[in-house]
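One chain is shown next in C-alpha cells, namely the form predicted alone.
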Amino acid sequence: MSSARPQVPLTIAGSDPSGGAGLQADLKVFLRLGFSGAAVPTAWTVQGPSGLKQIKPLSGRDVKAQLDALLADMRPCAVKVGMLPSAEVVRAVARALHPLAAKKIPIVVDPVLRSSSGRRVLPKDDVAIFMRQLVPLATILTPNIDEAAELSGMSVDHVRSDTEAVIRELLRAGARNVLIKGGHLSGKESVDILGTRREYVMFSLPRIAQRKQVHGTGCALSSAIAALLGKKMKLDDAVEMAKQYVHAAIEGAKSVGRGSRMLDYLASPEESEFELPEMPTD
C-alpha cells in the first residue's frame, strides 16, 4: 500500500449556497477531474438561482487564519483564486500564496470584480492593490471582456478590437499568462484567447443557444484549469480541455430554481482528444 500523500488543489473564493458558483462549484469541478479539493471562503453570499442579494465579506484576519492553518499542514498542487471582497483580503491571500508561487505551484486567478447580476464585488479603489500584489503571482489570469477592460484601464471596445494589446498590458502588469474569455461576446463561436510571453492561441467552440442564463461558467473554467495544471498538463492543453469540459457542462445545464440554470458538473466532453493524466502524488 502506497504511503504517498494525494495531491490536493485549493480554491480561495466566495461561498455560494446554491452550489452553482463559488467554492462549492470549484470543489465539484475538482472532484469531477479526480481530486478531493480544499476550500477557503473569502465571503458568505446570500443568493439562490434567482440572483445575488447580499455579500458578507470575511475579514482579512479570518482568511489569513484559515490559510495559515491549511498551508502549515499541506502543500496544494494548484490554487484557484476567485472572489476577493476587499484589499485586506487581497493582501492576506497574496502573502499566503507568495511562497507557493516561488515553488512554481500553479496559481489561477479569476478576477471576480462584479457578480453575474452586476453587483460590485471588489471595490474599485481596491483594484490597484489586486493588480500590484496578486496578479504578479498568477500563473494565468482569466478575465472576461469587462474584467479585462477594467484591469487594463482600456475600454470594452478596445478589448474586442485589439485583444492582443490588452493581453500585452496585463502581461506587463506581471501575470505570466492571460486568458481572455469571449463567452460574453456575440457570434456563432465562443472564442477565448490565451496570451503568453511567446504566442497567442485561440480556442473556439460553437456557441450554445441559451434561453436562460447559466450560472458559474467562469468559476468552472478557472477551477478546471487549476485542476488540470495540478495534474501536470501543459498550459494550452489544460485550457483547451477545461473549455471543452465547460462547453459540455453548459450543454447539460438544468434549471434548479426560478433563475439561472446550473451547469452539469458531471459532464464529459464527448469528442475530447485528451485523456486525464494519472493522479500525481507526493
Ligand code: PXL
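When you see a residue number, it is the position in the sequence shown, counting from 1. All values derive from a computational prediction rather than experimental measurement.
Missing here is the form predicted together with this ligand; even so, the following discussion is about that form.
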Three-residue site 101, 139 and 230 fully in contact with this ligand in the predicted bound form at 4.5 Å by heavy atom: no
Sort through 79, 167, 112, 90 and report the residue having a heavy atom within 4.5 Å of this ligand in the predicted bound form. 112
I need to confirm a contact call. Of 190, 116, 177, 86, which residue comes within 4.5 Å of this ligand in the predicted bound form, counting heavy atoms only? 116
Interface stretch in the predicted bound form with this ligand - options 59-67, 32-40, 213-221, 241-249, non-hydrogen atom within 4.5 Å: 213-221
Can you tell me whether residue 9 touches this ligand? I mean in the predicted bound form, with a 4.5 angstroms heavy atom cut-off. no
Even though this ligand is not shown here, does residue 52 get within 4.5 Å of it in the predicted bound form, heavy atoms only? yes
Using 4.5 Å between non-hydrogen atoms, is residue 21 touching this ligand in the predicted bound form? yes
Checked 41-59 against this ligand in the predicted bound form; residues with a heavy atom within 4.5 Å, sequence order, are 45, 47, 52
